[in-house]
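Okay, here we've got a single chain as structure tokens, the form predicted on its own, with questions on binding and movement later.
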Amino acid sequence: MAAPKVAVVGAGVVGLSTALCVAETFPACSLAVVAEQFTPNTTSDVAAGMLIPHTTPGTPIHVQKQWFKETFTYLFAISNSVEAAEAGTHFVSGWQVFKSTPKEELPFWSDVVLGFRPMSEAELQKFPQHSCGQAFTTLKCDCPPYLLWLEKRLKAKGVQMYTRKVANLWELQSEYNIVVNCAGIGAHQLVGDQKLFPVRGQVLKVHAPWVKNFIRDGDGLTYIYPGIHSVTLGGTREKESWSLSPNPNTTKDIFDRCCALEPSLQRAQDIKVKVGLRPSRACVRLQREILSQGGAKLLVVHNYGHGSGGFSMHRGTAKEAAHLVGECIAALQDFSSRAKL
């Protein structure tokens, strides 16, 4: 049988990392990434890229923890290497603060991040509106650098990149044996997934190089995440909103909320407003499917619906998607050997 031809649809953090896992696991594959948008125009470019997981109700906690741990371990190694600057990955320490005691004393990821502990009374003096908090060190991926780094790795492995809008997965059936759907919110239209919905996020990217520590309000709505070149201030979670236009009132609200947590941000400069649509559903869709049409078959692997957790889970879900691609390759070989009988 000839080398399997695999197309990954989508070039955000999930699509590129899935393509890289497939390329690493099955180097004999002929692999391409097909996407309407590449960095800097993806949803991943809007995201802060912080590794702080959001619990998804439809996925077992032990699975979410495994995905997070694999992602953290992968990025830890990059951040601890000469690649760190180019990849835009770095360690960042800070605080998650609460106005009332959280129901969950220890989040499921507390033993994956570094140095997780309750905040001291002295630290809490910085946040007079909050009664308790947690301090820890985690990892952050800056975009576009991280996406560009993934693209560079893919190109070095001979993976082709095509800018193209795919309206239907069947368009790819004549060129590819296996299609991996990492289309994010685009899967709503691409495969008609009615369980997938947007959660609109508006953020500000500001120049405030003196801010070195992250601060996250425990409700997850207000956050300050320092990156290499800018600080991300957030945010919003607007379910079922498809608008990509910045809202000036929201911009002021985000800025005021963040300044309440970190007053020095009032001197921040070069404020840029970004909007992205988080691809949300009750659980990540990570499964294999065989599509049939007029006697023809198309093997598909789905990997989308990460919501707010795309960066926190991307490498873990990419590894699992690559495993499913391996099952598809075995099925192709089975079809091929049967056809020869």
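Quick note: we count residues from 1 along the sequence shown, nothing fancier. Remember, predicted model here, so these are calculated numbers, not experimental data.
Form predicted together with a small molecule: not shown, discussed below.
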> Pick from 106 to 114, 81 to 89, 180 to 188, 259 to 267: which stretch has non-hydrogen atoms within 4.5 Å of the small molecule in the model of the complex?
Replying inline: 180 to 188
> Looking at V34, L31, V301, V284, which has any heavy atom no more than 4.5 Å from the small molecule in the model of the complex?
Replying inline: V34
>> Please determine whether S308 contacts the small molecule in the model of the complex, using a 4.5 Å cut-off between heavy atoms.
In response: yes
> Wondering, does A318 line up within 4.5 Å of the small molecule in the model of the complex on heavy atoms?
Replying inline: no
> Using 4.5 Å between non-hydrogen atoms, is A208 touching the small molecule in the model of the complex?
Replying inline: no
> Quick one: does V9 come within 4.5 Å of the small molecule in the model of the complex, counting heavy atoms only?
Replying inline: yes
